[in-house]
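Just one chain follows, in the form predicted on its own, and it is written as structure tokens.
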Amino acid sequence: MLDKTKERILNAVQKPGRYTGGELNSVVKDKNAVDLRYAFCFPDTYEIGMSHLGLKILYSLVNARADAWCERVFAPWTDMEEQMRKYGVPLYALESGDPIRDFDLIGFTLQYELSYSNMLNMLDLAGLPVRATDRTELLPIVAAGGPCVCNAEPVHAFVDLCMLGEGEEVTNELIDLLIEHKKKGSDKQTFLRAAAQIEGVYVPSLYDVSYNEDGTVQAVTPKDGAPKTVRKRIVSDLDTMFSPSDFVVPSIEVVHDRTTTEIFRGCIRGCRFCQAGFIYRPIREKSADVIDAQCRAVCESTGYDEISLCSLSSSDYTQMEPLIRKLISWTDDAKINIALPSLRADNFPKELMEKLAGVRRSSLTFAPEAGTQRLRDAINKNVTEEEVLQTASQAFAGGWTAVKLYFMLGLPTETDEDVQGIAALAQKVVDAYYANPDKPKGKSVTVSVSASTFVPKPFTPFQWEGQDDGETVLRKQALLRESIHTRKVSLSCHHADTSFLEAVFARGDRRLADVLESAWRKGCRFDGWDDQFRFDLWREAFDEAGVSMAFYANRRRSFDEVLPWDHLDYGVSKTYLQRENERAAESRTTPHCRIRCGGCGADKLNGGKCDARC
């Protein structure tokens, strides 16, 4: 719902459809008939946020309640922000057009460390103090969730609470509690102390942090009855958990303009760099019948012509062949495409390729991650060059002509030989295409290589490792570029400075909050966008605060150091992570979970049950 001022400023911005609302399947309620209003904030553009499955699930979950109304809020692009500040338009929710400062709960999903400045900017645009201590009234409560809150310390000063892990159950519990305290007229501290007793809710203000003389964390001490350790929440049964029967259909083109359905959570593989593979454990699968029914329902309600089967490693789903059979039985006639992201090169059955032969082909994506077998063993990728080439040949015979290969630069123990191995492997994929007698006639192959910079992340075996410094990263990128000798292979590399800042905040502590606020006030926002990133301003902020970026990003940490996130429990034991780190230094692999349970400990979150256990 737009007033005349909003209509006027929308004429002055690009892509006004980002800010109008009114899309198919969006939910509009009577605000006077609900007990709680929830502004679900995605701190990036509409196109990014509307592609995110978590937003769609939680939006529908809250709106399924008669007593609550969830509305969507995205970060306004710079042109829209300029107009909003010029005309005094506060940040508003898409469904009602109401300022979000009038809502009861404001929730941010933090998917990426470089979105933190956008969170502060959105709070400021809403007319709210960015610091939690300056928001003294009970309402609105500012919450955060998503993978980044596994180390929420850099943003501790700006949020009232964090929801660790999966949100389908804890969101409703938090809403129930907030409605109760709103009706009782409780003060903010009373509510926060009560919220801290909900499993999965972390209230940073109820913990004191002390530091050693060398700058490392000495201790994290709870107070006011807060638990010593906060354990993440999970949903035990994916078949019975809430799942939307419809999605809001974007009014403009978005990044992933399709319907998405989860097939399982967690990952059996244990790649030592991969945070998602550890923080989303234990492994839980959704049945093929349930997935098929959910796909049908969403396609019927939205009109989408593509289904993405979402997981961390789609080809590890044990019911993939019966699922594809079910889906093809109705998607073929409806001309609906099936997308399979996150495929493993060592686990992509020929039968599956044959079943997909009649489906519209897009590029296939595989992630060897490293260019040599030694380094793939060190990171526990458990994929061989032969498997990559065999799978690529299989895809070419099935009609595919485009392959995307994802790698990392700067992995622990990496050498120049490993970097050059990336180019060599890409060339071998090209050669495999032209050597294949069953390749598509009259077509050429394209191999897209993406090389990101390794970022050490909490709750991984590499959480103790340092990141390569910027000079080393640039040298390795140049070496890789020089090692590619064919136009059939294209290369894209991540910006070294953005990866550096990501590493700083990924392993940061509470002292980064002042730096973050300073950088935002200097003008930093949309830091994940190359054309908006201002590394010079970030350097200024760090220098003025007397905080070393290298201390957080490049320093290798000892196993006995207290890590800023040690008081948070994501299920995987620190002992297990250390053991995996030590095996990496020896380039020793660990069998995946279906071959042998590694004893990571995540099954304790689910009563000892893990779908990957052998």
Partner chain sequence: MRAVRLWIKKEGRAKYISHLDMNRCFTRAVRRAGLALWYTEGFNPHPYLNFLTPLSLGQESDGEPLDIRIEDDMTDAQILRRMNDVLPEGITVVRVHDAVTKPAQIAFARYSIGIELPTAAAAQAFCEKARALLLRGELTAEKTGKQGKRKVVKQVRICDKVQSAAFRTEGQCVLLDAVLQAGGEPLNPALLTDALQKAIGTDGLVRIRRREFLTADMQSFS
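Just so it is clear, the structure is predicted and the values come from calculations on it, not from any experiment. Positions refer to the first chain, counted from 1.
One more form of this protein exists, namely the form predicted together with its partner chain; it is left out here, but the text below deals with it.
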Spot the stretch among 158-166, 519-527, 403-411, 250-258 with residues whose non-hydrogen atoms come within 4.5 Å of its partner chain in the predicted complex. 250-258
4.5 angstroms heavy atom contact with its partner chain in the predicted complex for residue 304: yes
Please determine whether residue 8 contacts its partner chain in the predicted complex, using a 4.5 Å cut-off between heavy atoms. yes
Would residue 424 show up as a contact with its partner chain in the predicted complex if we use heavy atoms at 4.5 Å? no
Give a yes/no on whether residue 22 approaches its partner chain to within 4.5 Å in the predicted complex, heavy atoms considered. yes
Heavy atom of each of 267, 282 and 600 within 4.5 Å of its partner chain in the predicted complex: no
177, 493, 84, 336 - the one with a heavy atom within 4.5 Å of its partner chain in the predicted complex: 336
Counting non-hydrogen atoms within 4.5 angstroms of its partner chain in the predicted complex, say which of 113, 468, 465, 95 makes the cut. 95
